[in-house]
Structures are given as C-alpha cells and as structure tokens.
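What follows is one chain in structure tokens, specifically the form predicted on its own.
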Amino acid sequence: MPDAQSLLRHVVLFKFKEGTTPEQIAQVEDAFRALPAKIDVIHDFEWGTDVSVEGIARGFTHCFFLTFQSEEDRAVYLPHPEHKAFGAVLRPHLDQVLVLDYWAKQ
C-alpha cells in the first residue's frame, strides 16, 4: 500500500508498425501530448524518444510518462473518452505497446 506522499507512475512505450510515416507518428505524439489539457486527473506528463546508445530498445521508440496522485485518478483516466479517442488515433500505427505502472519510491 502506498503512503500518502507516493505518486502513481504510468509508463507507456510504443513500437510503431513498419512503414508508419513521420507525419503519422507526429499525429500520435500530438494527440498524446494533448491529453493532460483534456483529462484533469493527469498530475504530470512528460515524453521523449529513444536516444539510447545500447541498441536494446527492441524497436520501441517513444516513451510517455504520466503521473497520477491515486489509483482512483488512474481509474478515471483509463476509460476516459479523450483517452479512448487517442487510442483510435494510435491503433492503426501501433505494432506493440508496453505499459508499466508503479508507486514512486525515494
């Protein structure tokens, strides 16, 4: 059970289908980046693309990192209509997704 100061991290990694254009990827990025302004339970948000020199990303190129203050906030986010609308933008281009949630610890 998390303590009162813990934050719930929601990490999402995308691997796009072969042949997905840079323009299509930009549409996905823009749609995901728009979610914090549309879904107020998102406490914090950041994202980036892989720049690792290790070469073990297995085709995953994008990381989106959302923070929630509670499991209840995450429960609002997951079925939220704006999140579902984002999924419709993403789905045609998505090869694989990896999602990991954890309670932040210091």
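Numbers follow the displayed sequence, beginning with 1. All values reported here derive from a predicted model rather than from experimental measurement.
One more form of this protein, predicted in complex with another copy of the chain, exists but is not displayed; see below.
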* Non-hydrogen atom within 4.5 Å of another copy of the chain in the model of the complex for each of L13, F65 and L78 -> yes
* To do: Give a yes or no for T49: in the model of the complex, does one of its heavy atoms lie within 4.5 Å of a heavy atom belonging to another copy of the chain?
  => yes
* Asked: Is there a heavy atom of E54 no more than 4.5 Å from a heavy atom of another copy of the chain in the model of the complex?
  -> yes
* Would you please decide whether Q24 lies within 4.5 angstroms of another copy of the chain in the model of the complex, comparing each non-hydrogen atom pair? => no
* To do: Determine whether any heavy atom of V97 comes within 4.5 Å of a heavy atom of another copy of the chain in the model of the complex, and answer yes or no.
  => yes
* Structure fact -> Applying a 4.5 angstroms cut-off on non-hydrogen atoms, the residues of 68-106 near another copy of the chain in the model of the complex are R74, L78, Q96, V97, L98, V99, L100, D101, Y102, W103, A104, K105, Q106
